[in-house]
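Presented below, as structure tokens, is a lone chain in the form predicted on its own.
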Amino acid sequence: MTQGVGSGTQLPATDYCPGVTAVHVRVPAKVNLSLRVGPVRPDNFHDVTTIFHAISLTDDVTVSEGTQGSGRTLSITGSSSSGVPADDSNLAAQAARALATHAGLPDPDVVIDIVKSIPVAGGMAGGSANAAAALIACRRLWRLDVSDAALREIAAAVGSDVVFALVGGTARGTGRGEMVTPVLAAGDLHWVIALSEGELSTPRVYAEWDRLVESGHVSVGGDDAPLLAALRTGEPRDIGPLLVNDLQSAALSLRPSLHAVLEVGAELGALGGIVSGSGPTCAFLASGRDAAIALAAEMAGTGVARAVRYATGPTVGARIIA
């Protein structure tokens, strides 16, 4: 049985299985189909308007009971595990602590095992995804009667993208990105994800965006109405040209090699290409499954990316697997 956080759905305490000692959750990466950045707020965050899209590139998170007095222990493995902190700075650990505090529990003794495929600092919200998975897992493990609405409030306090990782699908994010509402989207989209060497720090990318705005090199504003209309019809050829990311100029400024990745994707026939979030991962939309698989194979042969993966979307948010 799989369970996640649906819009307005609550999972009462009676649905929890007594005696559970470990909970396994799968959680998706995201691509920003649109990301429009506003000015800096008093809290030093930027107001954003974004269209989130969950894809089938996932991390697996298992939370189990730890030995008494052990605190939170993290284990990080998988193809994208390098550089992930295994201490309390990890968002999954912060999420577990935040849920315990909300429920009035003592600092929990838990083991959090994260198997990563979502790239680290790649603009696909891998850390936020792990936090969402930890919230779902700990709620089940501790048999808490915490509603989905309350869980989203906790998620928003942990990180801007954590709420969307809980919800999944295709959704509009506002505020810092934590205010999430579903978007009507028809059909499946087929993606080629190009993973780059190294990472890009989100704060550094936003700082570069601010510099470019102040120097007049980029402009702000835009209308997502055409993209939302295209998503309702589900036609990839209409969606591709409408992908937009205000942060892309900043990511390209900091990582000029991404120009070549985007150019190769366009030359090989992608319907649209974009730097995902703060980068450096790039996402390319194809017309269908066969076209995406062919594009992935050709792109892998060019050597412009560290790795190339095929993914589909939208997919559900964090969900219990076992």
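Each residue number is its position in the shown sequence, starting from 1. What you see is a predicted model; the values in this text were computed from it and never measured.
If you look for the form predicted together with a small molecule, you will not find it shown, but the lines that follow are about it.
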Looking at heavy atoms inside 4.5 Å, which stretch does the small molecule contact in the predicted bound form, given the options 138-146, 174-182, 227-235, 125-133? 125-133
Is S196 close to the small molecule in the predicted bound form, meaning a heavy atom pair under 4.5 Å apart or at it? no
4.5 Å heavy atom contact, S34 to the small molecule in the predicted bound form: no
Residue-level question: is S215 within 4.5 Å of the small molecule in the predicted bound form, judged on heavy atoms? no
Does G83 make contact with the small molecule in the predicted bound form, using a 4.5 Å heavy atom cut-off? yes
Whether A270, R289 and A297 all lie within 4.5 angstroms of the small molecule in the predicted bound form by heavy atom: no
Let me know the one among A103, A207, V120, V244 whose heavy atoms come within 4.5 Å of the small molecule in the predicted bound form, would you? V120
